[in-house]
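This document opens with one chain alone, in structure tokens, the form predicted alone.
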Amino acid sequence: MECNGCEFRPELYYDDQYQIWARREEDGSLTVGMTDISQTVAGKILHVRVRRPGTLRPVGKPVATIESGKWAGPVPNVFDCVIEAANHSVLEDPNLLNIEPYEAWIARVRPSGTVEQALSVMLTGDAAQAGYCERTRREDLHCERGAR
């Protein structure tokens, strides 16, 4: 499913700015990554740094930082969590986030509360799709994936 060429996956959960996505894992953790919109706005991603496993990250404190040719900034966090793991493939080759933003996750986290509480502050399904597509139209975003 796409909006202005930006891939959207309705089964994932999104923050209200459509910068990050989260996926529920069977073990009760959440996998977090950046959206196609985010990788497009960032440009070629040059470096990813994930906080150390075991680190508590409250709402508003990033789980990771990303550096690209255009900017350096946080990967936003919208629920309290503990970092469980970083995706070492992305740490070694950050451009994977540009090539496959929904396969190349950034971090696996464990919510401090329940998974349901964490996901309740995110959007999914039709509501997420409507907001995601609205952002691409409002900002005239046309996503490009691949090595840059």
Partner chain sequence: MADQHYLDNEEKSVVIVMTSGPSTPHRCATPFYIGSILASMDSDVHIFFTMEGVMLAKRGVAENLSAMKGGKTILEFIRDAKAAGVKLHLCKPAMPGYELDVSDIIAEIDEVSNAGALADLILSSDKSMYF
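None of these values were measured; they are calculated from a predicted model. Positions refer to the first chain, counted from 1.
The next section is about a form of this same protein that is not shown, the form predicted together with its partner chain.
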Counting only non-hydrogen atoms, the one stretch of 95-103, 27-35, 47-55, 112-120 within 4.5 angstroms of its partner chain in the predicted bound form is 47-55
Should Ser68 be counted as a contact of its partner chain in the predicted bound form, where contact means heavy atoms within 4.5 Å? yes
Val82 versus its partner chain, in the predicted bound form: is there a non-hydrogen atom within 4.5 Å? no
Give a yes or no for Val59: in the predicted bound form, does one of its heavy atoms lie within 4.5 Å of a heavy atom belonging to its partner chain? no
Please tell me whether the candidate spot formed by Cys6, Leu12 and Gly125 is one where all three residues come within 4.5 Å of its partner chain in the predicted bound form (heavy atoms). no
If you apply a 4.5 angstroms heavy atom cut-off, which residues in 87-125 are near its partner chain in the predicted bound form? His88, Leu91, Glu92
